[in-house]
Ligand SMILES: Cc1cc2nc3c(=O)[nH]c(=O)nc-3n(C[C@H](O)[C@H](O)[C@H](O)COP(=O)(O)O)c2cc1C
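Given as structure tokens, the chain that follows is alone and in the form predicted on its own.
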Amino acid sequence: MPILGIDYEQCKNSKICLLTCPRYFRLDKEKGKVVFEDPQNLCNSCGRCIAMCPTDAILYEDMGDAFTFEGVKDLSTLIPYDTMYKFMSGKRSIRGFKKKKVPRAIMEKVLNSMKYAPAGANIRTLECTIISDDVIIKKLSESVMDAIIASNNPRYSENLKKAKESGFDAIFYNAPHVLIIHSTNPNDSMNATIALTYGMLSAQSLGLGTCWIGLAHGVLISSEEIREEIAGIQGRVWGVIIIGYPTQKFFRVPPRPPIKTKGLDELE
């Protein structure tokens, strides 16, 4: 039970926790205060009560550390829309990297941002495997190419044959790191996609480039041998990205068609 209750020395009886989560917080009229009750241990540890308590009066354990910062009450004051728009629209998939490895401290920042991605019912079962050994990355790339070539996929097989013959890494583009997100939870597909998006945007803010590698993802899903013996992963693979310091630069945002939308004309 990560949420333990209320620190009544800190509590100012604002009853915000009661409004935030009436399922587990209730007003005890005899005691004249709000109490926390979760006899079946069903609380999913979303932490909304912790985040919304103005006096930090919620007691908890084994959930990590809560923190605050200037602007947390109105995030729109931190990054103007125009800045965010430029940052997001200017993000490109990177397929050219320096040989320099990403320091652990920088990679941890990327992973740290991913843990704050929303997850359905706050079920947090995702795991990451980072492959940084050049020999293993090369072996994994060749195995993925071999699997696709053997499938006779008309869209990819011939091009991958030529790439392999020329020694070109058409899977990971000689990236210094391959990050694979996986879990044993069959419902983690969307959770993983959102977490990787958080990670890719955070990586960009740190001067790193990333690219989603769908071909490797598909092979790791279908091949237990490659998944377990080369990548060292048990369970379901939900996504694969490459990450490193980019050699590519872009001078403008390419055109994109608008998203077809119904109902917009009804707004004032």
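Bear in mind the structure is a predicted one, so any value in this text is a computation, not a measurement. One rule holds for the numbers: they count along the sequence shown, beginning at 1.
Below, we refer to the form predicted in complex with the named molecule, which is not included among the displayed structures.
- For residue 252, no non-hydrogen atom is located within 4.5 Å of the named molecule in the predicted bound form, even though that partner is not displayed.
- Among residues of the shown chain, residue 36 is not one whose heavy atoms approach the named molecule to within 4.5 Å in the predicted bound form.
- Put simply, residue 49 is far from the named molecule in the predicted bound form: not one heavy atom of it is within 4.5 Å.
- In the predicted bound form, the named molecule sits within 4.5 Å of a heavy atom belonging to residue 93.
- Annotated contact segment (heavy atom within 4.5 Å of the named molecule in the predicted bound form): 213 to 221, selected among 63 to 71, 26 to 34, 213 to 221, 226 to 234.
- For the stretch 97 to 118, the set of residues having any non-hydrogen atom within 4.5 angstroms of the named molecule in the predicted bound form is empty.
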